[in-house]
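Quick heads-up: it's one chain on its own, the form predicted on its own, in structure tokens.
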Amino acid sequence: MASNVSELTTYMAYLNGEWKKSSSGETIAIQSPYLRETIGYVQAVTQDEVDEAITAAHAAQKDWAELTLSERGAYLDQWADELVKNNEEIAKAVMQEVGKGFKDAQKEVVRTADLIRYTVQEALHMHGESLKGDGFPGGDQKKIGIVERAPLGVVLAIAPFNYPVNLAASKIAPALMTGNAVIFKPATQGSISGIKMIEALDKTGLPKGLLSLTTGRGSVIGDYLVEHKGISMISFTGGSATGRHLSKQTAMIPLVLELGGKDPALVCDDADMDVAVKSIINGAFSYSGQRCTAIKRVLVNEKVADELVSRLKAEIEKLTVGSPETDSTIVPLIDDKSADFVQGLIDDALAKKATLVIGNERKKNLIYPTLLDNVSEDMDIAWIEPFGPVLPVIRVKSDEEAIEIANKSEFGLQASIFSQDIDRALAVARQVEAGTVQINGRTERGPDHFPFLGVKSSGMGVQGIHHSLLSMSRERVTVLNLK
């Protein structure tokens, strides 16, 4: 396959260990969000091809599970090496396809290689346990239970557009390491990036059929994959509406869902303003706010609100706006529909008398960084996740009011608290309903060995390397009955 996406390559699907065209004869055009033109085509895989891939996966999984951990790990370590070797090519694909700055795309590839290698080491250091029967009242000391971990079978890994390499590998690597086969469904906008990373995996000589990459229309293969009887577990990162739909469609199989967020930054009146401003700017506006863990609202004590807003405005004025090829912080959003959605939230807030501090400029799908002050609870932007570079500021009178508004959200992914009083910060942190609370830092995923989870509409189950290895395997208990 050609290495340069700008050559309008028609990419193959990776089915049963072979790169091939779909029998549908159809392809899907992938548009670059900043070039605003087609940069390649991916296959529209059929339901019959999904069936064949899942059948092949079950067959390959049995032999794969028989390999030692070290043998499986050797494939994954080689995959990490191939990713690093092809860093520039993969990063360029990520940049062109999802509009992420080139340097950030390169960092994503390196982070992914580190994640894969850590996954191997973590699995090698996870030990089973043995139990003696007489540990329970009346139990027989001649009973010994041996507890090991066993694979689930075939894992369906569904990745989002915004981290198309890292959030794919964070599912694929632990699934393979625990002895599973994988069906990988990248986001349509993210398919070329996904193909590039699987090209690197294919170079390791991975057993045929163990992993298939199914690109295609969600309307044709989305629900079909999710409801398929041959799928043993699903790991999904994406929007909350899709996650809810997915959880209703599936029955009796494990699910790990990492969904949307409306992460608040709670700024107390004793906050270190330098730290708060830097963290909020980075948290809200990097990659144009197209991160599930972006700071998406600021709840600031009214005593320091004027200072915070004026300092945020000054920093926003310095943000670079433009192309990911020049590593701009603010880049065009993933598509026009997303930009329309963000613009609608801004328009609603201004119609309801929010104060426009800076921004509200737009060129096609490029939304300039926007700061809204005096946002009230009747505005959509107070509650709805924009996935774009707009930040609402809600002024509060107390920590209690900030906590109350923070917890009214349907989401609970992360939150940031800014205070120089650690006791105060911890007291607030314990009351905020979120999977992770950052004290004096921006909301973000990682380091990748930390548990990562959302509560309420932000997800179910736990990610992070150790927890992903657990969620993609099960206990297998063998009891020895000694004479």
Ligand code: G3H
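Start at 1 with the first residue shown and count on from there. Please read all numbers here as calculations on a predicted model, not as lab measurements.
Note that the form predicted together with this ligand isn't included here; everything after this is about it.
Comment: 445-453 is the region of 445-453, 425-433, 64-72, 41-49 lying near this ligand in the model of the complex, near meaning a non-hydrogen atom within 4.5 Å. In summary, among the residues Leu372, Ala105, Cys292, Ile198, the only one with a non-hydrogen atom within 4.5 Å of this ligand in the model of the complex is Cys292. Of the residues given (Phe236, Tyr163, Phe184, Phe411), Tyr163 alone sits with a heavy atom within 4.5 Å of this ligand in the model of the complex. Although the partner is absent here, Arg117 sits far enough away that none of its heavy atoms falls within 4.5 Å of this ligand in the model of the complex. Among residues of the shown chain, Glu97 is not one whose heavy atoms approach this ligand to within 4.5 Å in the model of the complex. Using a 4.5 angstroms limit between non-hydrogen atoms, Ala382 is distant from this ligand in the model of the complex. Heavy atoms of Lys92 never reach within 4.5 Å of this ligand in the model of the complex, leaving it off the interface.
Applying a 4.5 Å heavy atom cutoff to this ligand in the model of the complex picks out Glu258 as the lone residue from 233-262.
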